[in-house]
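To begin, one chain is listed below as structure tokens, in the form predicted alone.
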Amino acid sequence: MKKLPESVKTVWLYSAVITIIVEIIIFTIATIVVKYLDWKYVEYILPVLGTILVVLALVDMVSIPYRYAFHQYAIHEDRVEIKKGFIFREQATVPIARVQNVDIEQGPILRHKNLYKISIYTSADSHEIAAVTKEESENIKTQVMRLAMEARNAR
């Protein structure tokens, strides 16, 4: 099983910080609107809900090293395995013969660290490898699609 690059930790940290900032802005605006409209009971619920969401984002931030330890992937001749999660662990096994497409994606945060997300599609589902280097992303796409074509031609 291969681990994700270490720089994915920074990507996850940036993502958590952005989430906290957006939540604070939204709940500040919502609190002002609720005060303006004079909805008394909602006025007390919003700060509590906002605090809970910020605390969850902070927990997400603190858990980054643990999350990293459990994110792994492997490509075999007949399947792709993806493991992730540390509290709620998930192990996906994608049969190569069912793979229809492999996409390489890069959002602004991944671009900052020169990383790419891999999405592996079957007719029923999609599975993601959170972040890999450019070279690794191209190797994964080429290898999985080649194996998928070979599996289809073997039928």
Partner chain sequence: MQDKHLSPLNLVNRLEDILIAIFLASFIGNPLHIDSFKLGIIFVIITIVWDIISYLCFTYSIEDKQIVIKKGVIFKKIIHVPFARIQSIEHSQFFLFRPFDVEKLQINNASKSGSHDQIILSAVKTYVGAILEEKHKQYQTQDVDVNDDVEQPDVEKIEDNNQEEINHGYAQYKISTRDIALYTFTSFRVFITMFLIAHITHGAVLDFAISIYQKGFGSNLVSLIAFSIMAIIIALLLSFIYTMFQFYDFTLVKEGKYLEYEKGLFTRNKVRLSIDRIQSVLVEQNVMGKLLKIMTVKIIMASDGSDEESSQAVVLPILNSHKYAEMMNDFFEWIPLKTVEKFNVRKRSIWLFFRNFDWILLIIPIVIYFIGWTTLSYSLVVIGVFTFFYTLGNAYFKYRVSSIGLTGDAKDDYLIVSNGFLFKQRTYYVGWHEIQSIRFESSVFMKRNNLAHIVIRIRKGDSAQIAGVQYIDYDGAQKIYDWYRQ
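Numbering follows the first chain given and starts at 1. Here, rigid core means the biggest group of C-alpha atoms that superpose within 1.5 Å across both forms. Since the model is a prediction, treat every value here as computed from it, not as a measurement.
This protein has a second form, the form predicted together with its partner chain, left out of what is shown; the following refers to that one.
Within this chain, residue 67 is remote from the site of its partner chain in the predicted bound form, having no heavy atom within 4.5 Å.
With a 4.5 Å cutoff on heavy atoms, residue 95 counts as touching its partner chain in the predicted bound form. Although the partner is absent here, residue 112 is not a contact residue: none of its heavy atoms lies within 4.5 angstroms of its partner chain in the predicted bound form. Put simply, residue 90 is close to its partner chain in the predicted bound form: some heavy atom of it is within 4.5 Å.
For the three residues 100, 122 and 125, a heavy atom within 4.5 Å of its partner chain turns up in the predicted bound form in every case. Checking 82-90, 104-112, 26-34, 44-52 against its partner chain in the predicted bound form, the stretch whose residues place heavy atoms within 4.5 Å of it is 82-90. Core-superposed comparison between the shown form and the other one: the C-alpha position of residue 87 differs by no less than 2 Å.
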